[in-house]
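Next comes just one chain, in structure tokens: the form predicted on its own.
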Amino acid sequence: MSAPLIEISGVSRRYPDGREALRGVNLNVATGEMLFLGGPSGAGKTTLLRLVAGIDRPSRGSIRLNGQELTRLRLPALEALRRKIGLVFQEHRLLFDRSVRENAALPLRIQGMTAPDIERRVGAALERVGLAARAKDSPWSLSGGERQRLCIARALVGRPALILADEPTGNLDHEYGESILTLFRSFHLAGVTLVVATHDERLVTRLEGRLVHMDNGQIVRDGARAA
């Protein structure tokens, strides 16, 4: 087994209203692994992904990403680290004053990539998620499922080594859900680490990753393999 890319030790997260979303979570994710977070709504899956992404900070415990202790990083360092992660979260965070193409290109512009390379990568990403024909449109004109696909394209366009995805197929119909499964599988086969929170049994069954089941802010089962 490869050395852990993600090391989560004794992590708890209590919100200002007193609700404890996570309680003493311990979890390692190896480089190149595909891991699914299962469990009911409110189990703590989204909270755990947000902590790994550095969007929120734990109330207690340690999170190390590629050897870096996230709880000790200042905001500029966290933002730089986050730009190396492909994030697919349920809050789309799209820029509605920019086109579909410009939204997908944003991570590459931040990296300083040249215009021809941006055009090539964005075109390929939008084609793979079925949005090539909508490239000049505003995100306002997209359906919920199309906005989700745009977020997936934006997350993948930079070819990140780590992808964190929260219900990535939740708003997609069967056809596009299947295409996203195929896309995720190809990234995993290329060595990308994926951590995916999902209720979608198809995702777990088809992609054959490690399954970690959460409930009430804790890991209650770890290590089962999808059939």
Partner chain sequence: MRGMLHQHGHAMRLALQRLAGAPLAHLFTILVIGLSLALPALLYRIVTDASALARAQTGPPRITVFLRADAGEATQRAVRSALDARSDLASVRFVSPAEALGELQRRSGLDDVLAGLERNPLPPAFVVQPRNPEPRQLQALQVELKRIAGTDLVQLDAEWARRLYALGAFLERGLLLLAAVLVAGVVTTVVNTLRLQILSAREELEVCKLMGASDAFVRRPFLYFGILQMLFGAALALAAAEGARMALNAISQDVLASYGLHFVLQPPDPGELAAVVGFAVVIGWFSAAWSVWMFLRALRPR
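Since the structure is predicted, the reported quantities are computational estimates derived from the model, not experimental observations. If you superpose the two forms and keep the largest set of C-alpha atoms that fall within 1.5 Å, you have the rigid core. Residue numbers count along the first chain shown, from 1.
FYI, the form predicted in complex with its partner chain isn't displayed, but the following is about it.
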Its partner chain contact in the predicted complex: E33, any heavy atom under 4.5 Å = no
4.5 Å heavy atom contact, R109 and its partner chain in the predicted complex | yes
Using 4.5 Å between non-hydrogen atoms, is E127 touching its partner chain in the predicted complex?
-> no
Wondering, does A115 line up within 4.5 Å of its partner chain in the predicted complex on heavy atoms?
-> yes
Interface residue in the predicted complex among L94, L73, L142, A135, criterion: non-hydrogen atom within 4.5 angstroms of its partner chain | L94
Just one of 175 to 183, 188 to 196, 49 to 57, 158 to 166 has heavy atoms within 4.5 Å of its partner chain in the predicted complex; which?
-> 49 to 57
Taking heavy atoms and a 4.5 Å limit, what residues of 81 to 105 are near its partner chain in the predicted complex?
-> R82, R83, L87, F89, R93, L94, L95, R98, E102
Is A155 one of the residues whose Cα moves 2 Å or more between the shown form and the other one, with the core superposed?
-> no
Indicate whether R82 shows a C-alpha shift of 2 Å or more between the shown form and the other one, with the rigid core used for the fit.
-> no
Answer yes if the Cα of R93 shifts by 2 angstroms or more between the shown form and the other one on a rigid-core superposition, and no otherwise.
-> yes
